[in-house]
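Encoded as structure tokens, the following chain is the form predicted alone, with no partner shown.
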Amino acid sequence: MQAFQLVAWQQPPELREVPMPEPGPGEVLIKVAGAGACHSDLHLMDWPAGQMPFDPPFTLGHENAGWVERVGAGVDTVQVSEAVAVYGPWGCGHCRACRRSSENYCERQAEIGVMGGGLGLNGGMAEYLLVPSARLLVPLGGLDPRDAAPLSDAALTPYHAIKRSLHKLTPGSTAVVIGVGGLGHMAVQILSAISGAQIVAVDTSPEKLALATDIGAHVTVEAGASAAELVREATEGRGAELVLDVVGSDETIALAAQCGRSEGDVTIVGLAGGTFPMSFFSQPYECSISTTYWGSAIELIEVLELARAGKIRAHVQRFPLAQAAEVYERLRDGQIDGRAVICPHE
């Protein structure tokens, strides 16, 4: 079968012919319907050897959904042909974090040495994906797996980041989303669906700001020298209870810190590698600056419930597997609106 693989660090991925996987005991073979092209994959391609605790070659695609093709011995919780989302962080399954479904924070991650399909192990940008355990699969119900694939990361990651601050997002509060790309356009919808906050979207692209307005943002701000001042105007000078930075560069983190308020949260989920020179006076009093990584399997179930209820929807552009390299170039150039999804069987 064909697979889009990272074969060496700092080298372009390649479409290669690889063996068809066979599920062993406890494993599940998924016929891939869709695999989201995530901006973090671009960072993965660009990072030097030693940046990550694993090495190529492996198939890209950590944001996956499809249909159960075959099951290994002992699997009885999913059925052949059932549509499922694949929970992306693959932990040990046994530590305290994993037992509460937070495999994104597996206590044995360093020992395992890989982070999941598309992150050290073969991911979903192939015709079939081998999933090591049925516990990592969540039924989709009536959702189309080609359109639901981004929900497993592009929606789950901001959902987790928003949920931890949800008690602060009461009516009269403000949440700021910096970057209205794959994760950001889902963050705007999630905030609209589950919070009472005014939503402010910040981006460099007028087209993405127009999308933000269409999907629930109350205020849009073009990124630039006056962005922090405009956000403060939208909050009557108080700043925002939550600032979600889905870019993570030096510039966006600095902007995020300027937009927060006392006792607010600045949460960085973007992987652009920015840093922030923190001091006693670098942000308002008791304004926390933190990072999050992905979300729990229970939270993925909640995200899928929101999608089934029609409250959130990934804006998807579908592409065949043969165009995967082109898709990532378009993503790098900022030419993808919403989320690009590779569909190997289209």
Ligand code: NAD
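Heads up: residue numbers just count along the shown sequence, starting at 1. What you see is a predicted model; the values in this text were computed from it and never measured.
One more form of this protein, predicted in complex with ligand NAD, exists but is not displayed; see below.
Asks: So which of 192, 205, 173, 101 reaches within 4.5 angstroms of ligand NAD in the predicted complex, heavy atom to heavy atom?
Replies: Contact check passes for 205.
Asks: Can you pick the one in 220, 109, 122, 252 that has a heavy atom within 4.5 Å of ligand NAD in the predicted complex?
Replies: In short, 252.
Asks: With the distance limit set at 4.5 angstroms and only heavy atoms considered, check whether 66, 128 and 318 all reach ligand NAD in the predicted complex.
Replies: So, no: the whole triplet misses ligand NAD.
Asks: Hey, of 286-294, 48-56, 24-32, 302-310, which bit sits against ligand NAD in the predicted complex at 4.5 Å between non-hydrogen atoms?
Replies: The contacting stretch here is 286-294.
Asks: Hey, in the predicted complex, is residue 89 touching ligand NAD, heavy atoms inside 4.5 Å?
Replies: Output for residue 89 is no: heavy atoms all beyond 4.5 Å of ligand NAD.
Asks: May I ask you to check whether residue 38 falls inside a 4.5 Å heavy atom distance of ligand NAD in the predicted complex?
Replies: Yes, contact at 4.5 Å.
Asks: Using a 4.5 angstroms cut-off on non-hydrogen atoms, would residue 70 count as touching ligand NAD in the predicted complex?
Replies: No, no contact at 4.5 Å.
Asks: Is residue 270 close to ligand NAD in the predicted complex, meaning a heavy atom pair under 4.5 Å apart or at it?
Replies: Judged by the heavy-atom cut-off of 4.5 Å, residue 270 is in contact with ligand NAD in the predicted complex.
Asks: Just give me the residues of 132-170, first to last, that have a heavy atom within 4.5 Å of ligand NAD in the predicted complex.
Replies: Contacts from 132-170: 153, 157.
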